[in-house]
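Presented as structure tokens, the chain that follows is alone, the form predicted alone.
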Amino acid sequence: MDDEISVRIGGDAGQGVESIAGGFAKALARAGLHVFTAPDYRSRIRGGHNFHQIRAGVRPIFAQRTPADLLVAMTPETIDVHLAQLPPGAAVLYDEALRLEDRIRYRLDAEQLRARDLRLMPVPLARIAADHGSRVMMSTAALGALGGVTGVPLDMISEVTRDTFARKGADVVGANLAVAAAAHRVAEQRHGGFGSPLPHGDGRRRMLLHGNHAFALGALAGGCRFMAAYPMTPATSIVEYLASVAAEHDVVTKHAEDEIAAVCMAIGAAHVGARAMTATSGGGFSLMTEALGLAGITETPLVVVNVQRGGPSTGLSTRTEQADLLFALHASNGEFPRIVIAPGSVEECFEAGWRAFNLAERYQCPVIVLSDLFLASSLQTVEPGAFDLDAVPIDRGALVASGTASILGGETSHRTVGDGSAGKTATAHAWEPGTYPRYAVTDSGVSPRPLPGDPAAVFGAASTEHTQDGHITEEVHTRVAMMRKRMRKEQAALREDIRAPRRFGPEEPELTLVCWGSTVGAAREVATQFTATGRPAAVLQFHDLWPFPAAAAAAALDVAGLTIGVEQNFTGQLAKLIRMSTGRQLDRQILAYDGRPFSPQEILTAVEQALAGAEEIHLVSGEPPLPRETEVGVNV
């Protein structure tokens, strides 16, 4: 495609693959291109093959594309793993000391090499780095060379290099700038203008960030004041970012001793009125489930982010999956209201960051945000105006005004990050001293809550069943009343806040891809391609998953044509939820559970199989099997 370029950078863990990719992506974004990058890394501290895919073009991009037009090989193993996937006309950029041309010729005979028209582009990366001080700067040389062969101006490469090493002092910055310039010059002279040149950007500068970063920004905009977490890939970068700006935005972050402590700290902070959250991944979420029930019965507004990865147990620590949906709906013992939402893009991650707090406080229940590794760690350009902090609504639900027998009505207000104000109108409400009904039975199930310590609204709270004023009880009628009161919240949420599935594409499609989470981006690209060929196709994205919008889902499925579920799990969990809630069964299913994200090409191929009659297609990535020795390394 002449309006976009796809680059894959491969090497060993610790060799700078991430920094090369991040730097190149920034340079492309600053050149005015739309950029999408996806990392692929192993759970190793040292050793093991990693790679990073970068896709850039003149139109918005929501998924990775394979195969790559250009492969940057930092190791011979990169050739072994990725050579077979390169299309005719592709190029390979590498350190000439590796003599990869011999390895490639070993894999392909001369005739095959000519037929595929592969262009080999050796550059003395290690020698350039050593000539300017140290071979450690070889990754900077690779970044400069990458700019040289693709036509990214040196000043943009230099700008990114300067930003990357600014904190290490002028000498380090100067040495790396010299390395980048030398490699850029040599690569441009030897190999400039290869077959897939860089498309021209529009000059518009866009933000470049991943889903976790966007979620953290949304949480700040939504007034997050406390986060406790135990580091667990791929959720860790949320607390890392909030910790980095904690002083600036008046947020307390806590590295807890484990996930149980983290969620209990968040419950405590939320109980006393702070907008509080925790974030983890599958196994960590498993540990949090008892405390989730505590938030349920004490009606504490709690936000839990589960950034899914491959399971069960430790499973695939650094691989993506969407297999915690049904678990999230039922986690913890007993029944209590909860809300489950699943963003599908970086922009939706930002929205989920503040919306989760509004929902949690409006309905005084746990809100679970389901993300996944691919969405959490893939970098994507976002238009500058996509995150309007001033337009973020703050809805704290029904609050009792401090020191008065009155209730704040739960009106919505707007504020900016760091602004502690939230103007609301108090309405009169009275009760006898010492009998404040914290868990008052209401039509909506939501009871106005005070902040603990208010002498005008003293109450008790415990993890056991209780009366309206918080006293422990096992009395039959009170138990029934409390259960019915709490569960009414889900009906209220369903009426007022839960969103219908979102449709992308024509109103009356021939086929509809049904999905949730990060698969939406690749599915949208496939639907667009089908529609362009005269076969109208749409995507139905389920963003709000519980309480399940059954009526809206059934209506959307009635006009969906052939329905094909696209999910990254073995059993088709969304399809099961749809069937359980509406009685409707999707016509086909495309499922993957190899830890690799969908590419549009893979879905496209699978849809063709589905249209040919295959009812359930289990996809396996086109990545070739790795030699056993590549699994050897130092585990995280």
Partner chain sequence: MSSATASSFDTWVKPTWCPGCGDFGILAAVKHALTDLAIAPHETLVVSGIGCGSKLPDYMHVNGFQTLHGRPLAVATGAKLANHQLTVVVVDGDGDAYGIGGNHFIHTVRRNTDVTHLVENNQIYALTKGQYSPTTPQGRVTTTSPEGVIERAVNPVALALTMGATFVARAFAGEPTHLAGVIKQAVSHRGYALIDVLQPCVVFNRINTYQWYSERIYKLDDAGHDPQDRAAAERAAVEWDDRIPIGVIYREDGVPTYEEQLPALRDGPLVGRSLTERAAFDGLKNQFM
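Numbering follows the first chain given and starts at 1. Since we're looking at a predicted model, the values are computed, not measured.
Missing here is the form predicted in complex with the partner chain; even so, the following discussion is about that form.
Using a 4.5 angstroms threshold between heavy atoms, F542 stays clear of the partner chain in the predicted complex. The shortest heavy atom separation between V400 and the partner chain in the predicted complex exceeds 4.5 Å. For T298, a non-hydrogen atom is located within 4.5 Å of the partner chain in the predicted complex, even though that partner is not displayed. Among heavy atoms of V392, some come within 4.5 Å of the partner chain in the predicted complex. This chain is drawn without the partner chain; in the predicted complex, the residue among G453, G534, P312, G203 with a heavy atom within 4.5 Å of it is G453. Though the partner chain is absent from this view, in the predicted complex it lies within 4.5 Å of a heavy atom of just one residue from R275, R319, K489, R524, which is R275. Proximity of I5, E96 and E111 to the partner chain in the predicted complex is absent: no residue of the three has a non-hydrogen atom within 4.5 angstroms. Of the candidate stretches 337-345, 83-91, 206-214, 114-122, only 206-214 has residues whose heavy atoms lie within 4.5 Å of the partner chain in the predicted complex. In sequence order, I260, A261, C264, M265, I267, G268, A269, H271, V272, G273, A274, R275 are the residues of 259-276 having a heavy atom within 4.5 Å of the partner chain in the predicted complex; the partner itself is omitted from this view.
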